[in-house]
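Just the one chain here, laid out as structure tokens, in the form predicted alone.
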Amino acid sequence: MNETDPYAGERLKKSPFYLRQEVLNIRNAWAAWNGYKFAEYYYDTEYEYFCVRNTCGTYDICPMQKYEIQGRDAEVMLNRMVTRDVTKIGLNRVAYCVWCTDDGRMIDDGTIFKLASDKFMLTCGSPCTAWLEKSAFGFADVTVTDVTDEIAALSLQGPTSCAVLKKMGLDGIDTAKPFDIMHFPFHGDTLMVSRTGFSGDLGYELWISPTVALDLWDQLYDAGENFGIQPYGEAATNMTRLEAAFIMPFMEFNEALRTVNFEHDQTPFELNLGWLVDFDKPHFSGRRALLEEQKRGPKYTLTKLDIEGNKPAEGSYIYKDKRCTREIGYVTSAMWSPSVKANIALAMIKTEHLEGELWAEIYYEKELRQYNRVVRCTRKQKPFWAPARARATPPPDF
């Protein structure tokens, strides 16, 4: 053990915010994400969830993969790789996107930041270096650089998030519209703030050099002292994103380059992301396969469900009838939603059976005994949680 480094010998990397998080993680509940030591929760999952829904919370996104794509051909290269039209992204704007194999199977989803006409940042949940390098092959002037460890990133989500940033001194932050990017001087560096997030609520993501990450944390928490600011981990994040009906890798979809079994991955159309596929732009990876799928329709469709009762339908099958004689789908994520006050779920259902009745068979435990129920499911078109403040500009103070 190196006496000057208390963390010597640990194999996981530490976030630039780790020194503050370690003190707050009183349960010592850690997991791993892309080689980083990462908080599953700090004190209590539901407590952290309610902080995000009623005040605000910070979520460490340093482990998220970040790539700088730069050069005269950067935009053309990205437009060739992803399914949406990158040329329509405005300067200092962020766009959600997906990219696929030639068979139209989804590799990953992420966000593209347009920082200049020849400079972009791509973020995603898993390493994508090899695919990006293949996508850049043949373009004369484009470089792809993994900057994951060079950018500290913190997500600030919840109804008081804008008020905290204003208190912190970020003048004009309340004028930022959803998916806008703004830049502020900070301790001799530049703080980039995007109005983005994974909670479905009002929120922002803060991007800064690791050298001043702790200064950012301290200043943010000083400003948020009277606004209920708290850290939250992956467990609470999974609750908020499900209420917003956002997809999660390895829950709603498998990354196509990691699957073994045929069609155990998904397509954008199966995940209700057809609005991200632009057939009017030049050729992109997966175009032919996706065009054929658009004509014939997807085999499965990700569906939002309101389920009777209060027993979460985790791991449940979906049936066409109450007698459970015809299985037509499966639940990918489920929970009892404290904010919506409903038993909600996302499920992959065979498209041909979307109309008509849907039933879920739920297994649960009560006092060490196993039970099962068959309950009716109601399809929902809109996200379960979508408050007006998430879109309002300027957002109201709470």
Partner chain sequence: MSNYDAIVIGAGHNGLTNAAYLAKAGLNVVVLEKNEYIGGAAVSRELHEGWKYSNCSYVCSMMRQALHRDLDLGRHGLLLVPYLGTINFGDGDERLFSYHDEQAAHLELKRHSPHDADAMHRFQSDLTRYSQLIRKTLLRTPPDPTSLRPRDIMEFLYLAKQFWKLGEKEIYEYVRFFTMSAADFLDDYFENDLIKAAMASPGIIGTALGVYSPGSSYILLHHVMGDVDGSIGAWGLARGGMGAISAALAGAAQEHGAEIRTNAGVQQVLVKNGKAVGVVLENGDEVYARIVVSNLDAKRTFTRIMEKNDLPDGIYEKARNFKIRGSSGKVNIALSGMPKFSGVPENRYINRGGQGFTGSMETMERAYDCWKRGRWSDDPFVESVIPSAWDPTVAPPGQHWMSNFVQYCPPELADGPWTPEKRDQFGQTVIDKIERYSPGFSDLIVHMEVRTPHEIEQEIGLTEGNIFQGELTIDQLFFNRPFPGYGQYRMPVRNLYMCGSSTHPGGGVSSACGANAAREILIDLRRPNTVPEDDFYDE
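Residue numbers count along the first chain shown, from 1. Here the structure is a predicted model, which is why all the values come from computation and not from measurement.
The protein also exists as the form predicted in complex with its partner chain; that form is not presented, and the subsequent description refers to it.
Chemist: Answer for F50 alone: is it within 4.5 Å of its partner chain in the model of the complex, judged on heavy atom distances?
Modeler: Within the cut-off, so yes.
Chemist: May I ask you to state whether P159 is within 4.5 Å of its partner chain in the model of the complex, using heavy atom distances?
Modeler: Judged by the heavy-atom cut-off of 4.5 Å, P159 is in contact with its partner chain in the model of the complex.
Chemist: Does at least one non-hydrogen atom of M348 fall within 4.5 angstroms of its partner chain in the model of the complex?
Modeler: Outside the cut-off, so no.
Chemist: Would G35 sit within 4.5 Å of its partner chain in the model of the complex, counting heavy atoms only?
Modeler: So G35 does not count as contacting its partner chain.
Chemist: Does each of I69, V260 and K299 have at least one heavy atom within 4.5 Å of its partner chain in the model of the complex?
Modeler: Result no, not one residue of the spot touches its partner chain.
Chemist: Among the candidate stretches 219-227, 125-133, 108-116, 283-291, which one is within 4.5 Å of its partner chain in the model of the complex when only heavy atoms are counted?
Modeler: Comparing against its partner chain in the model of the complex, the contact stretch is 219-227.
Chemist: Please identify the residue among D215, E75, E234, E308 with any heavy atom within 4.5 Å of its partner chain in the model of the complex.
Modeler: Spelling it out, the residue with a heavy atom inside the cut-off is E308.
Chemist: Given that its partner chain is left out here, which of I362, C62, V331, L358 has a heavy atom within 4.5 Å of it in the model of the complex?
Modeler: Selected option: I362.
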